[in-house]
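Look below for two forms of one protein chain, each set out as structure tokens: first structure 1, then structure 2.
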Structure 1
């Protein structure tokens, strides 16, 4: 194998150019990967090697060899290059995007991350279906018990959601991950309950199994995910889509946090008596336990 020449960010021709340059020398399987990468640039940073291999019908080893063939050290290197490309192309005409680009180029990552999260929130606000939003809020309040679930970054969101729902007077539990399978905890699930799941790339098979199990029981389900074509969306009764683009292959969560807080506020505005009583009682408990210091 020829020694690779180090390419600096300033002289890097870019992912698309590299693929075009090496297209003639790629094997048929590698060409399928190349075609998929060009057609799904924004999706690749959130896929693992096995997931990309499955979607292109190639082996995991072929995915790695493809990355090396077009000049990257491996799949992680390719993903980071795609993140940079997506960042450069992201709504270049918008003022928020211009601020993001400027901050990123100046290596002010605090400002860049803030701009990117601002874009995520604005995209979510522009695209989310308000009727579905209201239906989900109504279903959450109607449920006897809400069970939240997610793995990875979604586990954090599931735990936060359970906390918010409890604070507003709704019975809520985050399904634990200490069991052999999360499905073990669904044995006592009732038709009047609701399972509220979070699913972001890389999508967890266990989350899909939970939704399938709940669906077989006829229990209502709702999911927050990153796109309407996500696997979890096909299994849930109601789906809320948020933008979760991050600066690396991790998902950003600000838009999901905004959505969760908006849901509980929607519930509180429609059911003021019940939620106000719950909030007042929780504040009283906190004062009694001296967790809250008066100023």
Structure 2
């Protein structure tokens, strides 16, 4: 667990209560500072002594004396307390931060892996550019045919993506390397198509070659990768970056999965008619084939 250095809930009454507690013993200038603090608590972590002094009309010296009066060693100390608070706030909404460090130390690999993937998902959610996201969704829907591609671990994602797109009524094929090279399969590629690649470490050279060639032909490309600086990012028209921090060499793919699922949902919501039609037809087919076991 994290070190709450010197500010454990028991010993730290909190900035606000300290101010209230010592309100009586504050000098006029210090009071102005106190008032500003309670009114703009969230601002403090980003303010320096000179700034706060300027905003309250007091001198820098008085700001520091105020901090000491209410029980901190100085302004840095008070600020740190508030920084910790704000950090807690930020992490509070995700279950991810709960106890990753401790889990990783234990032998509970399930817990460690779970926390890790929750964090990956959280980071991805924070860092995906929504505009790019929407744009990719639109491009996917617009495309005549979506060719998905990936090698190594990324192959599973490519496969899954093609499956998903098809289920949602789009035409999609995964460029498999079973019999022919992907580039052979792309000879008939048209500008109205789209190539959707997945590139995770260890980055395959072939994926980059495909992206490069397709791009040269003027066919739209999109890539899901793990870093904005990944080699594939430079070659694709659109890049979606997902967090993929792994414990070992096997990459964490949950975030990419989430992203894919979200993409098709986005598409489905924008084009209700076409997609729900496709989905219900598929469901019906499954039933007709007695594929499904009823529950």
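Positions refer to the first chain, counted from 1. Each form is matched to the other, and the largest set of C-alpha atoms that superpose within 1.5 Å is called the rigid core. Keep in mind the model is a prediction, meaning the values are calculated, not measured.
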*Number assigned to the form predicted on its own in this pair*: 1
*Align both forms on the core first, then report whether residue 33 has a C-alpha shift of 2 Å or more between structure 1 and structure 2.*
yes
*asked:* Please determine whether the C-alpha atom of residue 53 is displaced by 2 Å or more between structure 1 and structure 2 following superposition on the rigid core.
replied: yes
*Core-aligned C-alpha movement of residue 192 between structure 1 and structure 2 reaching 2 Å*: no
*Could the core-superposed CA displacement of residue 181 between structure 1 and structure 2 be given in angstrom, to one decimal?*
2.7
_Cα displacement of residue 20 between structure 1 and structure 2, once the rigid core is superposed (Å)_ = 49.6
